[in-house]
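Before any questions on binding or motion, here is one chain by itself as structure tokens, the form predicted on its own.
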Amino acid sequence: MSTPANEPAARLKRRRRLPEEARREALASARRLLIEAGPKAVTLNAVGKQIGVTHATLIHHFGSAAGLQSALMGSMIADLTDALAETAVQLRSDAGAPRALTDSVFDAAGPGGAGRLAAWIALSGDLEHLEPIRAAVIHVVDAIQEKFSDAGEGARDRVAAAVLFMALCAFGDAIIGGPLRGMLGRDEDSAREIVAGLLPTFLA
């Protein structure tokens, strides 16, 4: 009796996983769903289908859909915090600081999914999920101030304004930048170029 062509793939999908591996794969799947289709797409059934586990298995690991979504928020916030910390380190040695900083924040907000995550958190009202980012943002402000240490009196306020401007642009670009750029005939990097060009003016 012949084996169906799709049987090996099915067995691979249903392979036994260690608990941490299953959680990691589930969170990676949930992130893809969030980035591709928004918060409503992040369900236990959708994640289970993507990684080949049962609804009961996901309930075991996360307790509920809300538990999965909360774990996803925590995972993505940790990644964003790490990205901001790495950016702060780069700023202290990178001569192209404005563009390096801009790219790091835009990458985290767009391809990294932080823009979708921030919109999700803001619309849900669970703003306490943003608290872990506070220290990372302050770290970036410190690094920028150090990089432009000759910026004069009131530099910290101007640096904070620069970070706010950059973050608002990056998160806005992640959420609606594509359609807006299309309407205005702008290329994919246009918002990054504008922000990187304007950042030094905050410290002039």
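Residue indices: 1-based, along the sequence shown. Model, not experiment: these values are computed from the prediction.
Unshown form predicted in complex with a further copy of the same chain; subsequent notes refer to it.
Across the options 42-50, 23-31, 138-146, 55-63, residues that bring heavy atoms within 4.5 Å of a further copy of the same chain in the model of the complex belong to 138-146. Contact with a further copy of the same chain in the model of the complex, defined as a heavy atom within 4.5 Å, is made by none of Pro19, Met76 and Ala85. a further copy of the same chain in the model of the complex is not approached by Val89, whose heavy atoms all lie more than 4.5 angstroms from it. In the model of the complex, a further copy of the same chain stays beyond 4.5 Å of every heavy atom belonging to Ala100.
Proximity of Ala191 to a further copy of the same chain in the model of the complex falls within the 4.5 Å heavy atom cutoff. For Gly67, no non-hydrogen atom is located within 4.5 Å of a further copy of the same chain in the model of the complex, even though that partner is not displayed. Residues of 161-198 placing a heavy atom within 4.5 Å of a further copy of the same chain in the model of the complex, in sequence order: Ala161, Val163, Leu164, Phe165, Ala167, Leu168, Cys169, Phe171, Gly172, Asp173, Ile175, Ile176, Gly177, Pro179, Leu180, Arg181, Gly182, Met183, Leu184, Arg186, Ser190, Ala191, Ile194, Leu198.
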